[in-house]
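This document starts with one chain, in the form predicted alone, laid out as structure tokens.
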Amino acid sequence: MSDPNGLITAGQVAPGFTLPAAPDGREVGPGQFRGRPVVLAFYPADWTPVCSDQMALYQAALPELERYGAELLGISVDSVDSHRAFARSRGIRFPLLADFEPKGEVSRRYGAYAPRGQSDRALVVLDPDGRVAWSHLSPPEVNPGVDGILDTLDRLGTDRRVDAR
């Protein structure tokens, strides 16, 4: 189910879940987007420099992800209130999910939970059928960027790409 580092690997059926999301606390999960690719961006914490840069990069890349019909979900063990303030201060418009209570339960199910009590910095792309198409674990101090996500979405099929022109 996972690689030696613990992260879920390509080909596996992604565990289903819903978590409260900023800004309004509604329950959100990948199953709501069946039929579309879903990008799960696990990150250690709101307000840290690398996480702030990573989430800002994904916000900037959101139009490109949307052209692939993909849904982006950020996930950390922070609370909805923290996510709400963080999103507002950084101009983040995609859902930030609170894996807060029980702490890290979803992160653990994906193999993206660090012993220090935070989500790992990990990316998981789900195909439209809910299977893992690609996963990547980054060191906590390294922003993984968006290239691996875009490469995976491209491999899933450019026929799914929505022309936004």
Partner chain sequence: MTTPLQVTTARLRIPVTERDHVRGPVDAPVTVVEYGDFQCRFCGAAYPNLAEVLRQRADVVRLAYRHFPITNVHPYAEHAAETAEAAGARGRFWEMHDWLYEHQDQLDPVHLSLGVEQVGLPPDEVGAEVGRQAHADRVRQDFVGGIRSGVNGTPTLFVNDIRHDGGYDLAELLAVVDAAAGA
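None of these values were measured; they are calculated from a predicted model. Residue numbers count along the first chain shown, from 1.
Another form, the form predicted in complex with the partner chain, is not on view; read the next lines as being about it.
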Q) Might S135 be said to contact the partner chain in the model of the complex, defining contact as any heavy atom within 4.5 Å? A) yes
Q.
So in the model of the complex, is the partner chain close enough to A21 to count as touching (4.5 Å, heavy atoms)?
A. no
Q.
My question is simply whether V146 lines the interface with the partner chain in the model of the complex - judged by any non-hydrogen atom within 4.5 Å.
A. yes
Q: Report yes if any heavy atom of A61 sits within 4.5 Å of a heavy atom of the partner chain in the model of the complex; otherwise report no.
A: yes
Q: Choose one stretch from 95-103, 136-144, 38-46, 22-30: the one whose residues place a heavy atom within 4.5 angstroms of the partner chain in the model of the complex.
A: 136-144
Q. The partner chain in the model of the complex: within 4.5 Å of a heavy atom of each of G6, L57 and L150?
A. yes
Q: Determine the residues of 66-102 with a heavy atom within 4.5 Å of the partner chain in the model of the complex and present them in sequence order; the list may be empty.
A: Y68, R90, G91
